[in-house]
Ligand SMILES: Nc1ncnc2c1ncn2[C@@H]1O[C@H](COP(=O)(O)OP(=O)(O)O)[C@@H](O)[C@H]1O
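Only one chain is shown below, in structure tokens, and it's the form predicted alone.
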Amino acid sequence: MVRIVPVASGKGGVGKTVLAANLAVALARLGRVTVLVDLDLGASNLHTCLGIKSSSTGLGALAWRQERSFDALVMETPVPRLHFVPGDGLLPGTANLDHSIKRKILKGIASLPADFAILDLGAGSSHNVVDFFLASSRGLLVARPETTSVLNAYSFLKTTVWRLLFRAFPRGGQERARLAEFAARRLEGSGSSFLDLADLLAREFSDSAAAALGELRSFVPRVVLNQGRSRADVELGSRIRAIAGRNLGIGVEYAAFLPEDASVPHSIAEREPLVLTRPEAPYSLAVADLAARMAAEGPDSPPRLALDDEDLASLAAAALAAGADPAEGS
């Protein structure tokens, strides 16, 4: 069964697409059949990171019903075992998909004969992005270690948790009305979390809320901190876990700490994944480490919820030692 790995970000410009491309290449080089899907609809540019010309037949053709089969969109790449599904193919109006097309895409992804499906999602927290992110309970959320990016990552998680609970309840039910009332109040500083709401609903609507509570508890997104420069960034990045646990009642796993690397913008300009052209670069080594850990995981591997952010600290220490300046900010 294919393992779906959505890659999202609370804001643009944090390196989400570059990570998706390099991670997919790294997994393929480890012998895992991988399909990279460009779901940044309306701003599809993943093909440029792979050095592939834009295709007129992509998900936009499926959205406009010019193509009926998702399988027909899967194309080969120069990297063995790596396949690619283009995005909108320069067709306008694909940023907002109707529900039937969204379900068709998700069904097509779930049926792929591959080990991994890496989904490069659009930035922000529109319903399309969030619904694709919820295709897995352990998607990757990319952020930079700066205050605005951390806050945007938290906002993305808040919207995603709300959407997860909302979808779990029947249309027109009292549960959704109660959820809407709760979401209208400010969570921050109130002492309440979505987990508190789920527990309340479990008491009032035991049959329908039990499943929603289970989904919330199994939702453990994985954060990737990108463009890290020093150990001081660990403290800032760790705030995502703290505020998500306090206000949303969810756990957060840190999947990677990717160091700032001058080779990355050069690889973008050259339209070649850095893990191919410079596998020894600090960024490449960190992505390769993430890919190796993902490849070694089983589909039911439990998340790593370390105490005192030891997971993030160890990832940062390894990444900085590989080439970034370890003395900076120490």
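Residues carry their position along the shown sequence, with the first being 1. Bear in mind the structure is a predicted one, so any value in this text is a computation, not a measurement.
Separately, the form predicted together with this ligand exists; it is not shown, and the next lines address it.
In the model of the complex, no residue of the candidate spot (Val25, Asp289 and Ala295) has a heavy atom lying within 4.5 Å of this ligand.
Scanning Leu41, Ala63, Val275, Val264 against this ligand in the model of the complex with a 4.5 Å heavy atom cut-off leaves one residue, Val264. Taking Pro221, Pro145, Pro259, Pro86 one by one, only a single residue has any non-hydrogen atom within 4.5 Å of this ligand in the model of the complex, and it is Pro259. With the partner omitted here, the stretch from 195 to 203, 223 to 231, 126 to 134, 208 to 216 that lies within 4.5 Å of this ligand by heavy atoms in the model of the complex is 223 to 231. In the model of the complex, this ligand sits within 4.5 Å of a heavy atom of Val14.
Residue contact with this ligand in the model of the complex: Leu312 places no heavy atom within 4.5 Å of it. Among residues of the shown chain, Val18 is one whose heavy atoms approach this ligand to within 4.5 Å in the model of the complex. Contact check for Ile268: a non-hydrogen atom falls within 4.5 Å of this ligand in the model of the complex.
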